[in-house]
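Next up is one chain by itself, shown in structure tokens, the form predicted alone.
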Amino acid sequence: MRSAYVQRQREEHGRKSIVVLPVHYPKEILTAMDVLAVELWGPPGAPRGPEAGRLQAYVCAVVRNALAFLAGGHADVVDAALFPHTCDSVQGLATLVTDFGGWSKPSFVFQHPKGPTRASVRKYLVAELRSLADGLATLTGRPLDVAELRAAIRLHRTIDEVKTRILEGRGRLATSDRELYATLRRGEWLWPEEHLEELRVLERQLPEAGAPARKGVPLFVTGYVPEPMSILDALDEVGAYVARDDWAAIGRRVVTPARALDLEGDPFETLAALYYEAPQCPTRSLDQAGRLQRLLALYDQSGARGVIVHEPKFCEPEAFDVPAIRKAFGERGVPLLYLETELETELAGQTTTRLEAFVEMVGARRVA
């Protein structure tokens, strides 16, 4: 489906396309340069080729599967690949796909900073943003137009604003979790304007403020990516739903600035400001205390009755925060379920049983 869409974008709009590894990258630059971003979160399931075996078994499945996917020619429909500085494994993949995987198309890197903001760090970030734009110009054959970048920033700000309203009103939306997150995740590969149209359709389904909450046990989920997507079906089957999420693939990428941004000035400076206004993420920020404060606030706002920490096995950045998350919610007596799953296509039966038991326990506490 995505390959056909990429091909159609090329034929109908003349757009180049680029496969992007998770998580954080300046999508506004790609949009401004008329480049379609197609995100690669694995994909889930067994590796699609033997090249995954070139990496140690304790490397996360997202990277192992991505290496096999690219090496197997499954992404040959795109024109290039982009590797953000998510972790050492994703960053190293930029070299591995050419050395081990035979990837011959252009590869770009975006080495975003990890520490707190300082003048020198901000200067470095702006330089990285400009460097990426210059590199993409070699792919598109034309330099970045500043006016088009400003327009792209406004477009993605609108997308985030609509997503914010949808996620904040999630507990009143009749749409199932599976349907909701399928729509939200289509932004991983749709052209942004098309994705915005779909989001507006979903937003119009939000009931008026004060409408009764959705039936079932509301839960707050933090983690990396909702894979397998059948985890949402499993929650629905046991009478629970996601009242709010902090998945890196979804909720954690929605930026809601606490202050007004200068949308008419230097767009690279605006992108740098947005970078530091984004929610704390262990793949992007070292502010663990700030992240815990945000998670607790989201939990309180959501009306959730329990927390699920859902991480892929061997994801080091995410794993670093798990003990602190357990402690923070444990001190408040909040029920918490830790799920460490493989990047499988279907949820394991044992995991489904644990979800069922957790929801039953949380539901009983709610009644008490």
Partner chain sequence: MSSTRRRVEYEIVKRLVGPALMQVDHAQRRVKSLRKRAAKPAGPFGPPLESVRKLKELMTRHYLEGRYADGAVPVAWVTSGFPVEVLRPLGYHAVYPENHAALCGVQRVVPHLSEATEEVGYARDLCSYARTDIGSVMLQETPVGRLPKPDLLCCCTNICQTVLYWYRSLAAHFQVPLVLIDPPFVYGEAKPHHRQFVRDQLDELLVVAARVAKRRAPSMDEIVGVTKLAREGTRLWGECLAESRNKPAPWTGIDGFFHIAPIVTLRGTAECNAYYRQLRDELRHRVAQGIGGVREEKHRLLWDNLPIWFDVRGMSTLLAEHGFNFVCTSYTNAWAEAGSRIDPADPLGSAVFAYTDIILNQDLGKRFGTLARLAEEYSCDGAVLHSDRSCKPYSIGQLDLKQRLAKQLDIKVMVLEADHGDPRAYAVEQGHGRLTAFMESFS
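These numbers were taken from a predicted model, which means no experiment stands behind them. Numbering follows the first chain given and starts at 1.
If you look for the form predicted together with its partner chain, you will not find it shown, but the lines that follow are about it.
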| query | finding |
| --- | --- |
| Whether L202, L206 and F358 all lie within 4.5 angstroms of its partner chain in the predicted complex by heavy atom | no |
| 4.5 Å heavy atom contact, V59 to its partner chain in the predicted complex | yes |
| Residue contact check: Q111 to its partner chain in the predicted complex, 4.5 Å heavy atom | yes |
| Close approach of G92 to its partner chain in the predicted complex, 4.5 Å, heavy atom | yes |
| Close approach of P226 to its partner chain in the predicted complex, 4.5 Å, heavy atom | no |
| Among 194 to 202, 165 to 173, 207 to 215, 98 to 106, the region lying within 4.5 Å of its partner chain in the predicted complex by heavy atom distance | 98 to 106 |
| Contact assignment for its partner chain in the predicted complex, among G251, P282, P267, G187, heavy atom within 4.5 Å | P282 |
| Answer option from L336, V322, L339, A46, heavy atom within 4.5 Å of its partner chain in the predicted complex | V322 |
| Residues in 117 to 131 with any heavy atom within 4.5 Å of its partner chain in the predicted complex | R118, A119, S120, V121, K123, Y124, A127, E128, S131 |
